[in-house]
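Presented below, as structure tokens, is a lone chain in the form predicted alone.
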Amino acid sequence: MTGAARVVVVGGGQAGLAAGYYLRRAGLDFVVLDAQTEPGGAWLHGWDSLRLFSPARHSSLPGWPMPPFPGPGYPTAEHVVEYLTAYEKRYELPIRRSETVTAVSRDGDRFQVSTDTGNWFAEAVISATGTWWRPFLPFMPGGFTGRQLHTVDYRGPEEFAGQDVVVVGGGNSGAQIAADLAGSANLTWATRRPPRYLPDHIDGKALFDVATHRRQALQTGQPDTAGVAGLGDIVAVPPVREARDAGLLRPREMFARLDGDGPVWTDGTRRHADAVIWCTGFRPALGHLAPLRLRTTRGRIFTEGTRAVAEPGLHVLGYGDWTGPASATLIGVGMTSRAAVADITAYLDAG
């Protein structure tokens, strides 16, 4: 199959949907290519107890607020998937499922977007593949014989009941999974530095405001406020707060190696482990852009806003603060997607 559109969006998760909303409003011919068989993006794959950091009203994509969550606490991942599913139907976004993009390359004055079913040709491309598909596992010396998982593999505490489990990572995923396991597993929580909890009243809306203020300060030459990083690393969502206040989250420093039986610290202390869960983050999923040779040694692409400096017809959307403040969040991706589509519209008009 061969197709053509003025704009091809790679990825049908929250960033791809936000881009689609503004592309529809701009009246541009576009298509969204998504590798998954159903809507929901990375939210389809989170652990069972995963929740948002904010109420539904502060977790919405552009145009249509997320419906209120009917249960207690913040919305669940399932609620988010239902919202994203309804969102793409509401705006009749042209999404092609089960179509995996393998490469984006130049074909004269247009882009060729190669997929596992054929090729698409476009004047502009928005890459919105996120980071979930590239989990980062640090190198750890030793020969551990137990089970090792990453955040992407974790579903719930039931399979670890009564086991010795080591959770590695002092961010939100590490804290939430440690809290999830604290009542059923023999937990060891290892972090590179003492966990820094944000004030209990801070939620995702406040984090978005802080990130936006930092970006504005930097753009106007004001001192760096440090943004969210200046406040802490962990949002104290209710399950984390409850486990912390009950004394169930007792972090210890990072171990030096993983022997066959489990972690070993620099002072010789050892701990048996049946499983180690690495909550060590992700890297941008940008392998499909390799033919364009844009990535730096750090794995990023030089951008102005979301636009690739060396390829002005290419935008990268939703990968983190380097593509816009809080752009990897539901509430944050709207602002950067609007700016990206405005830039693409001007680029196409000029061409």
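One rule holds for the numbers: they count along the sequence shown, beginning at 1. Only a predicted model underlies this, so the values are computations on that prediction, with no experimental measurement involved.
From this point on, the text means the form predicted together with a small molecule, which you will not see here.
Q.
To verify the annotation, which of these, Ala42, Leu292, Ala56, Val31, has a non-hydrogen atom within 4.5 Å of the small molecule in the predicted complex?
A. Going through each option in turn, the one that passes is Ala42.
Q. In terms of non-hydrogen atoms within 4.5 angstroms, which of the given stretches 96-104, 185-193, 241-249, 153-161 touches the small molecule in the predicted complex?
A. Heavy-atom contact with the partner occurs in 96-104.
Q: Flag Gly11 as yes or no: does it have a non-hydrogen atom within 4.5 angstroms of any non-hydrogen atom of the small molecule in the predicted complex?
A: Yes, Gly11 lies within 4.5 Å of the small molecule in the predicted complex.
**Q.** Touches the small molecule in the predicted complex: Ala128 (any heavy atom, 4.5 Å)
**A.** Yes - in the predicted complex, heavy atoms of Ala128 and the small molecule come within 4.5 Å of each other.
Q: Determine whether any heavy atom of His288 comes within 4.5 Å of a heavy atom of the small molecule in the predicted complex, and answer yes or no.
A: Yes, His288 is a contact residue.
Q. Hey, in the predicted complex, is Ala15 touching the small molecule, heavy atoms inside 4.5 Å?
A. Yes - in the predicted complex, heavy atoms of Ala15 and the small molecule come within 4.5 Å of each other.
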